[in-house]
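Shown next as structure tokens: one chain only, the form predicted on its own.
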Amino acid sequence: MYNSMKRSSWYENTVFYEIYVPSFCDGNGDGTGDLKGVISRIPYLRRLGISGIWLTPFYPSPRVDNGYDISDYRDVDPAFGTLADFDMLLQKAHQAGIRVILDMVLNHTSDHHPWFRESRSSAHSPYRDYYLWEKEIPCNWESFFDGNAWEYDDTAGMYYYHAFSKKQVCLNWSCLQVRRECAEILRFWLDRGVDGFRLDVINFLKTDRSAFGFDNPVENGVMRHIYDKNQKGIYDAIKEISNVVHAYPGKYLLGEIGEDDLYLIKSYVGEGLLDSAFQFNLGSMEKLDVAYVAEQLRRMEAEGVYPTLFFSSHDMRRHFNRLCGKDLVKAELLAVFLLTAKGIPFLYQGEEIPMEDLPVESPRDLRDIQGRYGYEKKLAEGEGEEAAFLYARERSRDYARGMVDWEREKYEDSLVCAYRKLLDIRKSHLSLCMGEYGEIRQQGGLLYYQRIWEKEKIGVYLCFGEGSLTVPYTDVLYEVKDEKGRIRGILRYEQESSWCGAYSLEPSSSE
């Protein structure tokens, strides 16, 4: 079917499933997720209707930041398996019609990486220029994990720069050899057959050392990160990465751009750059706001952005808690939205069951480095333990990182059947995977949009408020009902004419 599509890029018609490897599925009984566990769930993902998976880092690492501190880019951490396991995973996924993209961290390495060990060993080391060394702290930049971004190293007798943990040392992308090394790393995995990469914090690459001459502004005690990202030369660096990846036909390059400005995010996407980038303006909203959702849909259309759609990831609280208040009807309505709105859906492991947040109730529960740093910072500033914990709990990313409870797949309240049906409907209707928008309307807790492909028009009606929909019940593809039997969501074929004046979006007063 897809051969005839107007959009020739496979990723624009793919539904991705993010797998946070340490907590997805334990394949060897040691209590930690691993690659064999991923392999064991490929039949499940195929039945669900997933066509792409994104694997978070599984490379050798001290795991200070859950694998985003890499010590060897060309191997598998023994905790997760072997290269042979990875090759088997790739083979099984491809046999199931599922493409695989890898999380790739090119902004920084672990301080255990051989490059850094060599870099700090001598001023004459050929690796000294791989990282950012200064005799004195040159600017006021802070780590995104709290505290000074400059760390003194006794061996080198100098300060090095780290945008995150002091154990995650930023690479110097002004160094030609760093660029060459990173290109070879990408080729290593491309030669094994991966389908692309998700590039972690890619706009944070340090491509302009002269930026160290500028202090970031501080407003009301909070630093505004101006000079430590989006530096001069960043687009040239991304073009080099793009040239490497796209020399392999049909590969996908997805970027995590640490911004909420759609125009700036869009500037990283296009010919010779990234294929797409995450838009956090919609995905990371703190509470469900239907008017805001409609506004963001219109803004993305106006900016010409082909969206990425998600509400949960390993870096945020699960949307079943955050947006739905553990309301299964709202969770199903958001599933309808993710799988019918214009864009590339990214589901997070377990959201279809649905998994809830992992409780973080005391300092002992703070496993994530960002939360621990926040706790230690506040204690050092003289805050009490309770206040320090409350601050850290808000910054912690532990909530969504608990082991997936696959027993929930069997529960009566599981959303798995809804996701399967919606994924099947999406695959069967060109308007839902590649159509343009017709109208986008919102009134109170009601959201309506129309997807159009040639003569096919499908209307999506979602009632997040009280009451029920009064849309004519004809040509229905899918419906969402609450526990009282009220219709809260409808997916239906529509006529050539506009819906306006034909259907009411007023909630019904009857139950």
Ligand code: GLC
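All figures in this text were calculated on a predicted structure; none of them were measured in a lab. Numbering starts at 1 and follows the sequence shown.
Omitted here: the form predicted together with alpha-D-glucopyranose (GLC). The next part is about that form.
Asks: Which residue among Phe464, Tyr68, Tyr449, Tyr478 has a heavy atom within 4.5 angstroms of alpha-D-glucopyranose (GLC) in the predicted complex?
Replies: The residue in contact is Tyr68.
Asks: Just one of Ser267, Ser174, Gln296, Gln168 has a heavy atom within 4.5 angstroms of alpha-D-glucopyranose (GLC) in the predicted complex, so which one?
Replies: Exactly one listed residue reaches within 4.5 Å, namely Gln168.
Asks: Of these, 146 to 154, 220 to 228, 395 to 403, 298 to 306, which stretch puts a heavy atom within 4.5 angstroms of alpha-D-glucopyranose (GLC) in the predicted complex?
Replies: Only one stretch passes the 4.5 Å heavy-atom test: 395 to 403.
Asks: Looking in the predicted complex, any heavy atom of Asp315 within 4.5 Å of alpha-D-glucopyranose (GLC)?
Replies: Close contact exists here: in the predicted complex, Asp315 approaches alpha-D-glucopyranose (GLC) to within 4.5 Å, heavy atoms only.
Asks: If you check in the predicted complex, is His108 within 4.5 Å of alpha-D-glucopyranose (GLC), heavy atoms only?
Replies: His108: contacts alpha-D-glucopyranose (GLC) in the predicted complex.
Asks: Could you confirm whether Asp85 comes within 4.5 Å of alpha-D-glucopyranose (GLC) in the predicted complex, counting heavy atoms only?
Replies: Contact check for Asp85: no, nothing within 4.5 Å of alpha-D-glucopyranose (GLC) in the predicted complex.
Asks: Answer for Arg372 alone: is it within 4.5 Å of alpha-D-glucopyranose (GLC) in the predicted complex, judged on heavy atom distances?
Replies: Arg372 lies outside the contact set for alpha-D-glucopyranose (GLC).
Asks: Within 182 to 209, which residues come within 4.5 Å of alpha-D-glucopyranose (GLC) in the predicted complex, counting heavy atoms only?
Replies: Contacts from 182 to 209: Arg198, Asp200, Val201.
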